[in-house]
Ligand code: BES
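Shown here is one chain on its own, the form predicted on its own, set out as structure tokens.
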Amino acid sequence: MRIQTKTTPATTETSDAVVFLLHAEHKVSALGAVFRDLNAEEFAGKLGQLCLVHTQGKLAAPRALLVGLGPRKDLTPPKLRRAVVMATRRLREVGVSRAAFDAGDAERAGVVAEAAVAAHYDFDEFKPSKAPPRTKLALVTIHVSPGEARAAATAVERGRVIGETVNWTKALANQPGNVIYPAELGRRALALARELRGRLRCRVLDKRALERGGFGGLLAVGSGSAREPQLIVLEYRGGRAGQKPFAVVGKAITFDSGGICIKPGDKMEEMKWDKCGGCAVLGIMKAAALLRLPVNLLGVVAAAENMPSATSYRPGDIVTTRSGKTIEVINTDAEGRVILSDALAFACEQKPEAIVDFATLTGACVVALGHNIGGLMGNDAALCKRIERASEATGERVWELPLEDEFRDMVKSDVATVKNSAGRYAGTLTGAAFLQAFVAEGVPWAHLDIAGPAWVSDAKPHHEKGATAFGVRLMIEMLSSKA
């Protein structure tokens, strides 16, 4: 898709369709005689409302799509993004290949660019068909006022990069376990670094290197699979020389059977999504490098496949981790925190400014917060506030949960430093308390349990079924705001 900006009126654009983004207060008739006869039932400007009309030669474009944004006072960038995604999908359905959007200002132009790109993602590479592929927009023209031209060009480019990176991340996370396994995820990370040569560096620790480095947690979880575990380390240096890196850490269980504590068969086919945290970290690193953010960034992804076999780790095992601390294994399906114990310890060794980890860690978080909100816990109030502000700006919603001493007490083990499961109650909080045991003293840290928002099981008007790339927009916003 090619995206361009113009400062001429959108009504003069000769695209296949022109898109008007309208609040409930707008008088539709002011757009021209072609809209004069529309009544409130046909279009009232409600958020997400769409109305496609043929312009009968009264506008330069043969079709016009009216998109409702709701009351002006209630509009936020996330709501605008959702409306534009729905509009772009509608244009694709009717075969439009060239569209013009009447954005108005630079901020809206950036959101329009990001949403229009994101609306073009389809996970259909394994679905051969004689049917023609869905139409994709070849050209999007975003119209802004003359005084916004320069700022709009910058915002549109940023939106394009973020939209394309979100799609790249979703495509990676949606791949099945027989296509993306730990070593292949490592190869994809190395390929990304080659693609961004000079901006991103990558190294991958294989099983032998993990054994030498004492990564006992990652090795234990990966021990039941013929697919060996990997630790992926990426570095982006866009900040000052000597400046401490900000670290992002991700859980990438490329397929999670539960191990010996095997999961029920229902929905197990979706457990390829357990790598979404690690994929988000790769997406964050890619977007930061493409946008040349003025920060130093460290990405650490722990990748393993959790399978049952004669060589699997077992309930009752005691595992010695990279930090030297030990884990009593209570449940082999509480594996994400076990691999993150090593990843967090390794990240702390790099003396980071702060750490944020992303993990589809607990079903308990979905029970508590549903499918649209991530659980936020941490040891640093200022860091959590930065994440919350970025959440409000991007619509990747988080909610801070308490991380008290009682939860740390619940994960203490009688025979090891900690145990990997504290039972049924407060599972999200005890999972975070477990992770905190592997964060070095004095390192600001936040944990995002994204088990709810990382994946969509049922398609929605604004999102296809599958991975959401939750965390990419969030962290890019946070890192950009600090810069």
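Don't overthink the numbering: it's just position in the shown sequence, from 1. Every value quoted in this text rests on a predicted model; they were computed, and no experiment measured them.
Unshown form predicted together with this ligand; subsequent notes refer to it.
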Checklist entry - Considering K286, R337, H143, R81, which brings a non-hydrogen atom within 4.5 Å of this ligand in the predicted bound form? => result R337
Item to check | Option touching this ligand, based on a heavy atom within 4.5 Å in the predicted bound form, out of L205, A354, M271, L200 | outcome: M271
Checklist entry - Pick from 325-333, 153-161, 176-184, 213-221: which stretch has a heavy atom within 4.5 Å of this ligand in the predicted bound form? => result 325-333
Next on the checklist: Residue-level contact is defined here as any heavy atom of the residue lying within 4.5 Å of this ligand in the predicted bound form; does T360 satisfy this criterion?
Outcome noted: yes
Next on the checklist: If we define contact as a non-hydrogen atom of the residue within 4.5 angstroms of the partner, is C348 a contact of this ligand in the predicted bound form?
Outcome noted: no
Checklist entry - According to a 4.5 angstroms non-hydrogen atom cut-off, is S421 in contact with this ligand in the predicted bound form? => result yes
Checklist entry - Does any heavy atom of K412 come within 4.5 Å of a heavy atom of this ligand in the predicted bound form? => result no
Checklist outcome for this item: Applying a 4.5 angstroms cut-off on non-hydrogen atoms, the residues of 433-464 near this ligand in the predicted bound form are A451, W455
